[in-house]
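A single chain comes next, written as structure tokens; it is the form predicted on its own.
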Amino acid sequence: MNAALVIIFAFLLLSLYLGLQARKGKDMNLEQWTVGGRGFGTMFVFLLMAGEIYTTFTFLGGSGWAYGKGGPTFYIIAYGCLAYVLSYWMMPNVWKYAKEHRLMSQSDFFARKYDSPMLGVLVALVGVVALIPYLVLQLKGLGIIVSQASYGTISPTAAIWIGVLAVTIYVMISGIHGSAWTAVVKDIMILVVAVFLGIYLPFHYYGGIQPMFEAVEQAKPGFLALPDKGMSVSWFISTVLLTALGFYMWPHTFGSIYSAKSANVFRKNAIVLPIYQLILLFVFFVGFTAILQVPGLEGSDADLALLKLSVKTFDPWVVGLIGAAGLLTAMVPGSMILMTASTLLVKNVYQVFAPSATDEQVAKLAKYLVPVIALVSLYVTFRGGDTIVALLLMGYSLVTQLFPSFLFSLWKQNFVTKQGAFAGILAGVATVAYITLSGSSVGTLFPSLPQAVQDLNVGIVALIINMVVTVVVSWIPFHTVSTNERKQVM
């Protein structure tokens, strides 16, 4: 057994220990299990939110895109900063409303705002469908990281099974508390590893960051700029907009809002997190460094750039620390996704059709559903072949379809009806599903349109259709009054 493998397993056991210890002294009812009793301070909420940035996507997708795509990679820096700016104003309102009405999931928010349990069911199903590829992303990344960092001693399949088993155990026992404490170790590790690699590797191979970019530009002219077609300027802008609007629409991210103890927590985080996101630049530097040092990685193999370069450069014990950090980047968001998906299905789908179920029964069923969702995700993981970034973008296209109805719900005079919200979400999701499953793009569907329009991210197209349908259906006179009118009458 090499040193790298020992270190990776040591951190795996540490994360499992922290996850199990986190439940001590707490009565794990549904509120404690899902939103931490609404008692998390600035630091814990910061770490849970930062989990959205620093996932396996950080290690593999970010460096992989820098290696394989070049200039378009920088969209990753832009969208998070925009999302945090929006959160300064939006998230405190969400938290206040959730605390007032004792909400526990994203679907609760929509169902309560629009006075429609069936809308809550739709939001829950959309959320779960989007979360599955996101969880698959984490599991694929976990398998790649552990297999590469252990020098092939452990296969990706075995690594994924071990990681899922550990996460499932501590999620069932400790819920969000386990995720929060594991996130502490994860963020310290990823911060140290990313900065170290991003500085050391360019200097080691090129003598600095500027010489690295010069060498890449000389070897691949124009690679660091946006291309004229495909991932062009219009693609970049539409993708940044899509992902910024969808950032907090992920059910596990939205749900973590409820765990804060005050609204001011989000304002503090909105100030710090954009700066924290700049750490991603160091990950990009690793990918750019690898272009000339580990050439020949094509397609999804580009996701191996960081690990291949690390194995080539460092001793096994250093590779072990890098692998351990990567392992934690999969486990923390993976645990949040498992917990959120099970809560959505039980509380916002099952309980709607079985209203007599008690809170205790709902909590117990949610915990029992965790391993079921884990097994479904494992099945998809072992059958799928998409690259990591492609999986993430597909999920973003789906969850962003919730944004128009969410935004309208924050208005004091919301003209959107529950029928309009339902129809808009359904239309947007159907558009994303059709284009994704058929492998189409705006360009293939409408080849006569200008190139800038052809290059638009398909999620934006679906979002426009969503908004049009939402507004039009809301104007149709149904035999019911709108949510705001109903409240005024009452």
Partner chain sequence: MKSIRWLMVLPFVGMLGGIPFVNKVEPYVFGMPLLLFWLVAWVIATSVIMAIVYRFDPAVKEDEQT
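Treat the numbers as computed from the prediction; the structure is a model and nothing was measured. Residue numbers count along the first chain shown, from 1.
The same protein also exists as the form predicted together with the partner chain; that form is not shown, yet it is the one meant from here on.
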Among 111-119, 257-265, 319-327, 336-344, which stretch sits within 4.5 Å of the partner chain in the model of the complex, heavy atoms only?
257-265
So in the model of the complex, is the partner chain close enough to Phe213 to count as touching (4.5 Å, heavy atoms)?
yes
Classify Phe247 as contacting or not contacting the partner chain in the model of the complex by the rule of any non-hydrogen atom within 4.5 angstroms, answering yes or no.
no
Does any heavy atom of Pro274 come within 4.5 Å of a heavy atom of the partner chain in the model of the complex?
yes
Report whether the minimum heavy atom distance between Trp235 and the partner chain in the model of the complex is within 4.5 Å.
no
Counting only heavy atoms and a 4.5 Å cut-off, does the partner chain in the model of the complex sit next to every one of Ile77, Leu281 and Phe285?
yes
Have a look at Val349, Met189, Ala270, Val195 for me and say which one sits with a heavy atom within 4.5 Å of the partner chain in the model of the complex.
Ala270
Could you check which residue among Ala357, Leu86, Val376, Ile154 gets a heavy atom within 4.5 Å of the partner chain in the model of the complex?
Leu86
Of the residues spanning 223-252, the ones with some heavy atom within 4.5 Å of the partner chain in the model of the complex are Leu224, Ala225, Leu226, Val233, Phe236, Ile237, Val240, Leu241
